[in-house]
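The chain below stands alone and is given in structure tokens; this is the form predicted on its own.
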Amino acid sequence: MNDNTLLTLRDRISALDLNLLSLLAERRALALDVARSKIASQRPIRDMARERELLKRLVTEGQKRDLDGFYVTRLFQMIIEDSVLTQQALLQLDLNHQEQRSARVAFLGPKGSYSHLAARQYGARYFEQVVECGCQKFSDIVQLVETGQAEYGILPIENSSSGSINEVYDLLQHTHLSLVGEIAIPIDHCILVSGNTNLERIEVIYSHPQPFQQCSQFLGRFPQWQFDYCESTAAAMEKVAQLNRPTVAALVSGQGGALYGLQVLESNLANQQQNITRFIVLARKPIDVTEQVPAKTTLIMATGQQSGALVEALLVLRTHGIVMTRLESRPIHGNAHEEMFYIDVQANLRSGKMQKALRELQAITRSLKVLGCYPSENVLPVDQE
């Protein structure tokens, strides 16, 4: 195969890629039309039976075209997830009479950080224009929203590999902001470099402490590497881009690296293959969540020190058929032997069962506060039976 033939084939592939993008945009526009129809008919966002039949048919048609069934399933599960979240966003905007076209969104770090990617994703779903406000500390994000300098704040709350981010939980104890959303970002930690090099030539790795922790098994293969801690992954990328040496690298996001002109040397380095960070979205006012979409409610409560107090509170949730998805404890500052409990439940704050449970919890807890009710972003793929 000569060079001209290769270039022709690549041009044809590029043209097909553009056609795919146009078709995906057209599909998303149709999904919005479907959402508008569901607003009028009050039908749920998801029709699991239809999704299941759709995937079966697509897998069958794909096999006729020599496409692997797993590949087709994985591809269209992503497309269905985008459709669900796109429709969900439109229903939320309609319910809350939100006509705001632009918003200021605060996040941790400069461009390219995982928080920046989460802020972009949230902003693109709800607004035509987003003003990005990068911050150096989690507390700065909260302060910008509290003082009205930003409408929304994006904060990482937990990672499937390294666990909870305690600093953020502690901030939630002392703010009057409300949780109004969540975003789950798949984390693909990569070794990024500036120019031609290889793993053997690297001497210093820059990153935030979290990626170092989450990729400890891979990093253990290179005991000669020196770790240099940065305040964010974005700062690590900026450092490597500025140094522009074959002996330095960043352990960060491949997506973010493109913003700094860095190249991926190694990818998918986390100890756990499913490495996902969940972000929460904070705003000054709470929102209503339509009953047409799955909702989460986050509570913070103190039960007191009597024996069985926490169990008694959790039994209230079980009695009303409310599923708890997360329970996190944090010390109460100034009370060394007492704890606050953060609880995520799969329930809409507007529902009768949730209101009954709250009344019962208020009667048996020392303090109880609803941090927010918001649409669940956890779009579970349908099984194919």
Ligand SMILES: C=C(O[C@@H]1C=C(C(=O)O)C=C[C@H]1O)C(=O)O
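Just so it is clear, the structure is predicted and the values come from calculations on it, not from any experiment. In case it trips you up, residue 1 is the first one in the sequence shown, and so on.
As for the form predicted together with the ligand, it is not shown, yet the points below apply to it.
Although the partner is absent here, residue 344 sits far enough away that none of its heavy atoms falls within 4.5 Å of the ligand in the predicted complex. Mapping the unseen interface onto this chain, residue 320 falls outside it, with no heavy atom inside 4.5 Å of the ligand in the predicted complex. Contact annotation for residue 253: none of its heavy atoms lies within 4.5 Å of the ligand in the predicted complex. At the 4.5 Å threshold, heavy atoms of residue 50 reach the ligand in the predicted complex. Annotation: in the predicted complex, residues 189, 214 and 276 none come within 4.5 Å of the ligand through any heavy atom. The contact residue chosen from 327, 34, 67, 332 relative to the ligand in the predicted complex is 34, the criterion being a non-hydrogen atom within 4.5 angstroms. Of the residues given (130, 80, 142, 301), 80 alone sits with a heavy atom within 4.5 Å of the ligand in the predicted complex. Only one segment in the set 312-320, 59-67, 39-47, 351-359 has any non-hydrogen atom within 4.5 angstroms of the ligand in the predicted complex, and it is 39-47. Of the residues in 54-79, only 54 comes within 4.5 Å of the ligand in the predicted complex through at least one heavy atom.
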